[in-house]
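In the form predicted alone, a lone chain appears below as structure tokens.
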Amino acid sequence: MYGVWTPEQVRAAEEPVLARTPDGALMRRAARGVAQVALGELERRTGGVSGRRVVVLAGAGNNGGDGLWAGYELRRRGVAVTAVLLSPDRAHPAGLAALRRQKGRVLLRVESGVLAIERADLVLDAVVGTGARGGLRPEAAALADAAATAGVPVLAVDTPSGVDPLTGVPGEDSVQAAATVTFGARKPVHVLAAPRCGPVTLVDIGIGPELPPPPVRVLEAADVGARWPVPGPGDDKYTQGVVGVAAGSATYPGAAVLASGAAALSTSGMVRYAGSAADEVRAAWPEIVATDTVGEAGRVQAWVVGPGLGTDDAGARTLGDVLDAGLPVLADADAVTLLGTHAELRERARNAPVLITPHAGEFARVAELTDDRVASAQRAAADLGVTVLLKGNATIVAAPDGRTLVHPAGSAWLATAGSGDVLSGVAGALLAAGLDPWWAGGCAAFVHARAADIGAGAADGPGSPVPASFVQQALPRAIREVREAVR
């Protein structure tokens, strides 16, 4: 598990370190880290370093200074460096002087910069840092567009310029980085806009002891594997966790099959299905005990409710029955809509450990969704008194007590019909095994995303659309992989 800090928290942590170190020492340390990553990119992409061409897009202030000093370090290794100054009168003086001492080329015109980019092997994006907001200005946008058009990879310095560092929302014009180097700590943009950043390298500049506890955390495979329920020699089907699934309908029987099957594949001791799709569930999963109603289901330790359930009076009664049982509840899809339209159901949800798993449209039915998705999820969790898993390319899990996880998915394969039903079954199985809703949501999101990657490869090779059933079938392998990460 690693932490993510806001830009303001990182800047506050830098202040005492800056006060006790020589002037410019932190910038030089950061620049050396950028140069090392740039050298690695050149070697990997071109097979060498000496004589390769790098263009530095240098904005005003310290971010531009990082780029100029990185250019200085690259010149010392025999790289041909050209710096394009976007604000010549505000360029970092020491960094610019150092680059010129090493015979680096300096350009003041955007048109000349475009020509240099077209012949470059790598571009360093040092236009703006984490204090900036909004998209790129026209001159910087023209240079970023030139790199994209020419197919020249961009290494972002701290953050891809034009992408909001706090929310990860790209401006109208922004940089698409092939990789990013950041300093001291990861910032929200690195997990909320992971595809815009590419692989992120963290350079230690000595501020770690000054940082407060991270407001956001990111799980890694070993964290998930260590908490995944594994039966021991004394376990039986009840001690492993029995999950009830109230989902599906005559119109949407597939939701019941996907959610119930995912629960069965996620190391549940037993799955009990309750609903009108009982025949379809039995046909697909003979090991699942299927009945027509929640009252007939028997003993369970957690409920999954909502996928394909319907939002009519019958759906509302089913959700109410599940909530009144006082057991952990995973509420998804139609159950979220019902919570949004029935105040009494929202009140009843406060009396049980509840995890809701809305996508953006469903979330808007229960709370306000802004560009700051992390803050939106945190507010909703506190206001509703439930744990919120807000789906998206970056999935956010926020508990009522403020604990927050982000899972930066590496692909968009989960944007398919039925994939949310699979996630519901996985999370429900973890709730039944005793994980608290925050951990259940985070671990389920991690394994679900890994199963999507596996399923995408199985569909027709990497890069192919992946149906939800392939994600479901890949769950055992994904679980095995996170368990192996613990060893």
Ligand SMILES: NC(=O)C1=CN([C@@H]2O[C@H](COP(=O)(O)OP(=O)(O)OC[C@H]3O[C@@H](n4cnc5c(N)ncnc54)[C@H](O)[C@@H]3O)[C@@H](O)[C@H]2O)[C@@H](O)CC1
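Residue numbers here begin at 1 and follow the sequence given. What you see is a predicted model; the values in this text were computed from it and never measured.
Not pictured, yet referred to below: the form predicted in complex with the ligand.
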Check your understanding: 194 to 202, 128 to 136, 98 to 106, 289 to 297: which one contacts the ligand in the predicted complex at 4.5 Å, heavy atom to heavy atom?
Key -> 128 to 136
Exercise for review: Identify which of Val37, Ala456, Leu435, Met27 has a heavy atom within 4.5 Å of the ligand in the predicted complex; exactly one of them does.
Suggested key: Met27
Review point. With the cut-off set at 4.5 Å between non-hydrogen atoms, does Thr46 touch the ligand in the predicted complex?
Key: no
Review point. Any chance Phe183 has a heavy atom within 4.5 Å of the ligand in the predicted complex?
Key: yes
Exercise for review: Answer for Arg90 alone: is it within 4.5 Å of the ligand in the predicted complex, judged on heavy atom distances?
Suggested key: yes
Point to revise | Partner contacts for 381 to 401, taking the ligand in the predicted complex and a 4.5 Å heavy atom cut-off | key: none
